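Below, in structure tokens: the form predicted on its own, a single chain.
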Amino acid sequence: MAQHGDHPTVGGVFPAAFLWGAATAAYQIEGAVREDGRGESIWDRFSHTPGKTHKGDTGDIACDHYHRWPEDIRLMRELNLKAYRFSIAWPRILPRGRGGVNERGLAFYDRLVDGLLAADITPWVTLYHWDLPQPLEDAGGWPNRSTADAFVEYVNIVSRRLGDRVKNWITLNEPWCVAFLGYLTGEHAPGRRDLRAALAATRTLLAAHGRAVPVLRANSAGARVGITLNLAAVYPASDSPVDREAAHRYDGFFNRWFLDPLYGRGYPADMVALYGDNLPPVPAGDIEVAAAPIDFLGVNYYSPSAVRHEPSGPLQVGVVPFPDAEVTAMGWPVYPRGLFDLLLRLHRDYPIGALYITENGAAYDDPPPANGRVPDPRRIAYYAGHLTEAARAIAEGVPLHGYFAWSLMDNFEWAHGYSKRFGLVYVDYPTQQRTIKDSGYWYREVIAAGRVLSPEAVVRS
């Protein structure tokens, strides 16, 4: 493994205007999947298909946020959050994907946004966090170009309704996962396994994003519009030329395939050549549409990737264990320095006006609450390490303006069901009781101080 240097000791000060928040996603927390006119999503269908999720877990109830949102806003206030990133459930708004607006769905988000504003918490809305209406998948899903038309229709409806109060918009969450986990590996809904379909999905997703940007600006005066990508700091497993080339290919697959078109460079030529005939033709105007100017880039970072050259497979890349790294309950290596390296690389290589960390966090096997307390020291250490690197990146000139912890509370972790806990708040699913973890109290104190505190600095109330 090539040497990458040690990360510094915990510390770091953030600007006074730095935005502190936490994030969730609709299908992971809302429940109420058959209430008030909501239609079926691909995750409803996928999670109810035997063998697709851990123990057959579904989001049918999840955290029951649909009914408990006032309590959850009170928790946000107790955590001293300044912003809350949440997603709109497309099938609540358009149960069939297009046409036939569901007023009751819009009314729910009206109440949520108004509740947040009354609590002095800024709403950050993600328009698509993986819950495609099932009728659109039945018509071809994201590989079908008409899904971009449906997305623009949906965005227009939501932003007309909420745009007077919501000013921070994220078009898509992690299009890499949507395309490659949904249509190539089949690990996520809709569970298809087709490289050509996955690559076609990337085209539609980027077109949908680019076409949505001017709609949001038109419907929401003063709107700030961006997109969220899951990005990895990629390192070669050794200093050998073949491993370095493998790392570049993996970076093309994971990072550049979306970053380059978003910032006007088109699809990276090396990846276009590698995909060959599997890559559908680029429709006229797509590159210009995808590069619609945005106000910020959202970065979801959890762990680094170490790769080596492997002769087999289309990418000729193998992901290897990260040396000497602790791993989370997800099996992901913990390497805070990777966040620093990634942020500097984005600032160096792309004309990004503003960056936000829109997700960062860790799953651990937390104990149930005892005497009103959930100790989670490893999660606190994870946050402390990554926030230290974020502060160091700011000191190096990176335009990082905010941080959203993932997640506000334990929730339905996609194919992992309820087996993985990421929350600042512990959720007892049978009773729906919420308990703030030590990490939540620690994060509250960090927000109040505007700097990274020692992992031992937990103040409970």
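The first residue of the sequence shown is number 1, and the count goes up from there. The structure displayed is predicted, hence computed values, not measured ones.
Below, we refer to the form predicted in complex with a small molecule, which is not included among the displayed structures.
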Candidate site Trp124, Asp164 and Phe296: all three near the small molecule in the predicted complex by heavy atom within 4.5 Å: no
field: The unique member of Arg92, His129, Arg249, Arg203 whose heavy atoms fall within 4.5 Å of the small molecule in the predicted complex
entry: His129
statement: None of Ser159, Thr388, Ser87, Asn173 but one has a heavy atom within 4.5 Å of the small molecule in the predicted complex; the exception is Asn173
query: Might Glu137 be said to contact the small molecule in the predicted complex, defining contact as any heavy atom within 4.5 Å?
result: no
- request: Answer for Tyr302 alone: is it within 4.5 Å of the small molecule in the predicted complex, judged on heavy atom distances?
  value: yes
field: Proximity of Tyr263 to the small molecule in the predicted complex, heavy atoms at 4.5 Å
entry: no
- request: May I ask you to check whether Gln28 falls inside a 4.5 Å heavy atom distance of the small molecule in the predicted complex?
  value: yes
task: Can you check 195-203, 318-326, 173-181, 335-343 and let me know which stretch has heavy atoms within 4.5 Å of the small molecule in the predicted complex?
output: 173-181
